[in-house]
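This document starts with two versions of one protein chain, written out as structure tokens and named structure 1 and structure 2.
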Structure 1
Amino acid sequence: MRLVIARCSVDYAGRLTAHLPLAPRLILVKADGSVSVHADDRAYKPLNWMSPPCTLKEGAENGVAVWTVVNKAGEKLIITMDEILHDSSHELGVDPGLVKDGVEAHLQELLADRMETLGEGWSLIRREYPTAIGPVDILGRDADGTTIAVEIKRRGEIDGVEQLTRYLELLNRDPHLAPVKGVFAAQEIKPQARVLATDRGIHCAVLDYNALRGIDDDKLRLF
């Protein structure tokens, strides 16, 4: 990892064109060849960047350093450094990576284990039920034996309802499964998504992650 603080101007030409006027900034060059330019605010997003794979060429023009970063698509990032204020390099090695908990995959596991939180007598057929347009999060049955397709989101928005609608359309073409009812399950469901879902006869279920995990923990303690 190379850290450069420099008074620089930056030009990007690719999916759009963008220009950064001359000012002091941080430039990061990482081991994978990627380059990013940071201002002194905002944690997440660089002002400009080039994702790997890409190649950096260090040149000079009229005595000022000019870096050109290009990728395979022909996108270009040009950094012109009028004054270099700091320049250091550091060996970091490969990162062991992030361990996460509480994302959609985890919600899916928990809910599959506890279908009865959706309704009494409900049961699981399978998780990630494959269809031609992608896997349905959970396929199950209600107490009457009616097939249920569940779409799970952390936050339920319109996109998720559309996604479930497409699955339902396809599943209902299968005489072995039809009729299939839809359930839109999320920790939080946005009003517009709820309206759209209800309008389409899709049931909405708000999930309590901690409660689900609690139930799961109880279950684990029993065995």
Structure 2
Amino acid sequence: MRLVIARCSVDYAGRLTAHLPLAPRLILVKADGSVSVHADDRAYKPLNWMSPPCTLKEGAENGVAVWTVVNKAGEKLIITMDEILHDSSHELGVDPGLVKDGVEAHLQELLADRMETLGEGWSLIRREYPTAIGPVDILGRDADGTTIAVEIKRRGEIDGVEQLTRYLELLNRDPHLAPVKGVFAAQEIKPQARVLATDRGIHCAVLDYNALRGIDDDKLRLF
């Protein structure tokens, strides 16, 4: 990971345009290729970001450092550095991943044993399928033989969709698995997360914990 603190302005050019005026900000460049710009508030959420795969080119204009980040869609994030206050790199190694609480772990176990609740003819390849950026909750196949990656949460929010997106981008580079489709499964899915998932071609599955345990017949709703 590369960590930069700088007085900078940021311009985004894509489906929309956005501008962040000059101010001190934190810039993170992660090993997965993502670039995010943060203020000293708003908890974890960045002011602007570019998800991988993307390329970062460092240049200069009139003696001022300029970073240009371009994703596969041609969208650009242009960071103009007025003053770099700190610049360091750190090797974090492979993260062991989030340890799920009891409900999420049990949901994963139940769904892996009952893949047909996602669709007739669906089957399990493996739980906790390992990747370079962490394990995919469930890897399976649908009735047509297409590989499916399933990310399971108790509450489905934007972060979970972003996580599944990173898994899909990585898995689709493997010719033995591609094409890989995604299913975002949770007991509750926030409207913003559903919109983002739909925009990225990811299906949303609302899970009923009691139903998966056989308490109710209304097992799951897939959108």
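Please note that residue numbering is based on structure 1, beginning with 1 at the start of its sequence. On a predicted model such as this, the values are computed, not experimentally measured, just so you know. Rigid core: the largest C-alpha set superposing within 1.5 Å between the two forms.
**Q** Please let me know, 1 or 2, which structure is the form predicted together with the DNA?
**A** The form predicted together with the DNA is shown as structure 1.
**Q** Using a rigid core superposition, assess whether Thr147 undergoes a CA shift of 2 Å or more between structures 1 and 2.
**A** It does not reach a 2 Å shift.
**Q** Once the core is aligned, does Thr80 move its Cα by at least 2 Å between structures 1 and 2?
**A** Yes, the C-alpha moves 2 Å or more.
**Q** Please say whether, between structures 1 and 2, the C-alpha of Ala31 moves by 2 Å or more once the core is aligned.
**A** Yes, because once the rigid core is superposed, the C-alpha of Ala31 moves 2 Å or more between structures 1 and 2.
**Q** Once both forms share the same rigid core frame, by what distance in Å has the CA of Cys8 shifted between structures 1 and 2?
**A** Displacement of the C-alpha, rigid core superposed: 43.7 Å.
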